[in-house]
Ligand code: BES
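Only one chain is shown below, in structure tokens, and it's the form predicted alone.
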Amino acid sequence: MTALTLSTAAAPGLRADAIVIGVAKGAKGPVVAPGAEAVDKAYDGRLAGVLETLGASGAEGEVTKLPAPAGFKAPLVVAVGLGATPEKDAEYDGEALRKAAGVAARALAGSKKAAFALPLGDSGAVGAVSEGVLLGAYAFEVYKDNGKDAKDAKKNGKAPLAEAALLGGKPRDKEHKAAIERAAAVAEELNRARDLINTPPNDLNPESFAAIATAAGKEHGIKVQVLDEKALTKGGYGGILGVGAGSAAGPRLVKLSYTHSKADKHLALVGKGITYDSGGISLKPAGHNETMKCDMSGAAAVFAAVVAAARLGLRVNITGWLALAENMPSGSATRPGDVLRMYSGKTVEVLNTDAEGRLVLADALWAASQEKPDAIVDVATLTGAMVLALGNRTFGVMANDDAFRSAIVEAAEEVGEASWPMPLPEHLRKGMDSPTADIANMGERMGGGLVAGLFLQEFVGEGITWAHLDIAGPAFNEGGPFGYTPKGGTGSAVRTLVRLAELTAVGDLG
């Protein structure tokens, strides 16, 4: 991962491959953002005009490269767009800084060192720029032949930016140091989630995912319990077993327990972990299978959030539940029309085996409920209906408590993740009535994302505050990279979950 440093050095004398500055959209053209005063001075105060001549406007995501002025040890200046200038006396928005830093880090792939002279008004800005650099520099190159050595990798432009110095950061300032350390912990675990999501299903199955979680638990002092097929059968986890029945790779339920000696709150996180989703007997149509390695993004997010919380030493007890299975068609697979007896004791008529995520989550939600946590949040790439409703960059939030739902949406906004509150209309529940079982796994087609949420609600223990995050849209980016978001696995919801844990730790959540 890119190394981060805080630096009080002056931009002209700093040895680096490039100096990164911010440029915003002003009423009369581009405006050079704070932090780049030394660079602007070297251009005799005419840097904004030079950038405008080169076509720069300051728009978000825009990158303009120009030779560094005489006397600079760095040969290149990279101007990155911040979007609209803030109102008078206001600081630049943290998400604007995060995106700009991410764009610059990606543009500088192959470089050894870059100095970031972006606006660092406070520790929040330090954290935002740090996160942007670390997330923007991410690359998944494990399965590519990038050359035989590091020199070839750099020549081919494949190596991520090796080091980033944040100019204006104060190495001895406790808040600045804490901000950069938090950013490193969160970004490193988020990038680990991206790696898991991007790993092909022939290398990542429930067993290997469980092994990765076990190893991370040992490293970071997290207790890990893995239930295999035998234990799941003995415990009566019919949902997880039913989904995994068609695969040669058996299912797993992984429990990660992070505890703090002074914690007085307990947060449970539940993640959908379908390591590959063919749809089962209800096979997905051609063109819908190729990216289904990403159907474990919820479990990856929960895993990353628990480990990040442990690394940060948050004063809260967190239990993460990874409901892992591979949904495949075979002679032993669950059929449409089969009835599964869930861990809760309820029976479910399976009308569509491609509505499998809610089945594994149902067992894990009931298991989490048995510990009576203060709140449960589940995360899942659950429904295509949510993508139709909110698009590819926004996840939906449903909950059995309006205040809790609002708190999650606010937390997501605070860390720069787009979310939207969604309802749980009670009239849609009737569509899941079954003449054979207690409930069916399908209901009305319209409002399918809300129907899925209502199904999950049936398996939350009485009196427990619960929320459901449907990340089907933003979990996997099939388009080009933007901001600090790469192509492929994004790590959606990790930062929201970590922020929820922080708020819970200090008693500011619900």
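Residue positions are given as counts along the sequence shown, with the first one as 1. Keep in mind that this is a model prediction, so the values were computed, not measured.
Note that the form predicted together with the named molecule isn't included here; everything after this is about it.
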Residue 33 within 4.5 Å of the named molecule in the predicted complex, heavy atoms:
no
4.5 Å heavy atom contact, residue 472 and the named molecule in the predicted complex
yes
So in the predicted complex, is the named molecule close enough to residue 352 to count as touching (4.5 Å, heavy atoms)?
yes
Can residue 326 be called a contact residue for the named molecule in the predicted complex at 4.5 Å between heavy atoms?
no
Sole residue of 103, 340, 184, 292 within 4.5 Å of the named molecule in the predicted complex, by heavy atom:
292
Of 383, 191, 394, 111, which residue is found within 4.5 angstroms of the named molecule in the predicted complex when only non-hydrogen atoms are counted?
383
Is the named molecule in the predicted complex close enough to 99, 131 and 176 that every residue in that trio has a heavy atom within 4.5 angstroms of it?
no
Which one of these stretches, 113 to 121, 131 to 139, 418 to 426, 276 to 284, sits within 4.5 Å of the named molecule in the predicted complex when only heavy atoms are counted?
276 to 284
